[in-house]
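What follows is one chain in structure tokens, specifically the form predicted on its own.
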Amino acid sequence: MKIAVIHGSTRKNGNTEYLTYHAVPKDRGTHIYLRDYNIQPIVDERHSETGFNEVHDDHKKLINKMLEHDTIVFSTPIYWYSMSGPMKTFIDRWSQILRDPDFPHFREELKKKKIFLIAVGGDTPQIKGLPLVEQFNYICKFYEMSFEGYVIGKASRPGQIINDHKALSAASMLIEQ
């Protein structure tokens, strides 16, 4: 099983990363930190006569990396009941990749992927993180990917995730390897 972890946190060594490393340790899988890449926001040109204009950033490189793996773990803090901005921008641009002649196989390749979600929030995240879980569920349904499971951890301040023993245990068992 080839695992790619897409990290959406803007903070290095934060609670979300700590919880994620319990599911996929640093030395297993490919860890991709979106904060280290230039990904421009989508400009919706789906209905223009010429379609999407070429964007010169790192998005296609990240898509290629992601497609090399059969299991994808999305790791994001819960920001305003949803995913982080970098994660949202990365996924928003999939609309452009769907129409990119360099990626005619994108949708078919995504159908083969197993998807997991790891998220951390501070204020009753097991309840307030559910819209995020549903958002990933809908994304998976749209692309016919298999949404395999999720873990939501509770932490408000740096380092607090070490106190969420239930989430740490669940993360360590999230992906059967």
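All values derive from a computational prediction rather than experimental measurement. Numbers for residues come from their place in the sequence shown, where the first is 1.
Unshown form predicted in complex with a further copy of the same chain; subsequent notes refer to it.
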(message) Quick one: Y81, S84 and P131 and a further copy of the same chain in the predicted bound form, is every residue within 4.5 Å by at least one heavy atom?
(response) yes
(message) If the cut-off is 4.5 angstroms on heavy atoms, which of these, D70, D44, E144, D36, is the one near a further copy of the same chain in the predicted bound form?
(response) D44
(message) Under a 4.5 angstroms heavy atom criterion, identify the one residue in I115, V55, I139, L62 near a further copy of the same chain in the predicted bound form.
(response) I139
(message) Test of understanding: in the predicted bound form, would D102 fall inside 4.5 Å of a further copy of the same chain by heavy atoms?
(response) no
(message) Against a further copy of the same chain in the predicted bound form, would P25 count as a contact residue? Criterion: heavy atoms within 4.5 Å.
(response) no
(message) Test of understanding: in the predicted bound form, would V5 fall inside 4.5 Å of a further copy of the same chain by heavy atoms?
(response) no
(request) State yes or no: in the predicted bound form, is some non-hydrogen atom of M173 no more than 4.5 angstroms from a non-hydrogen atom of a further copy of the same chain? (result) yes
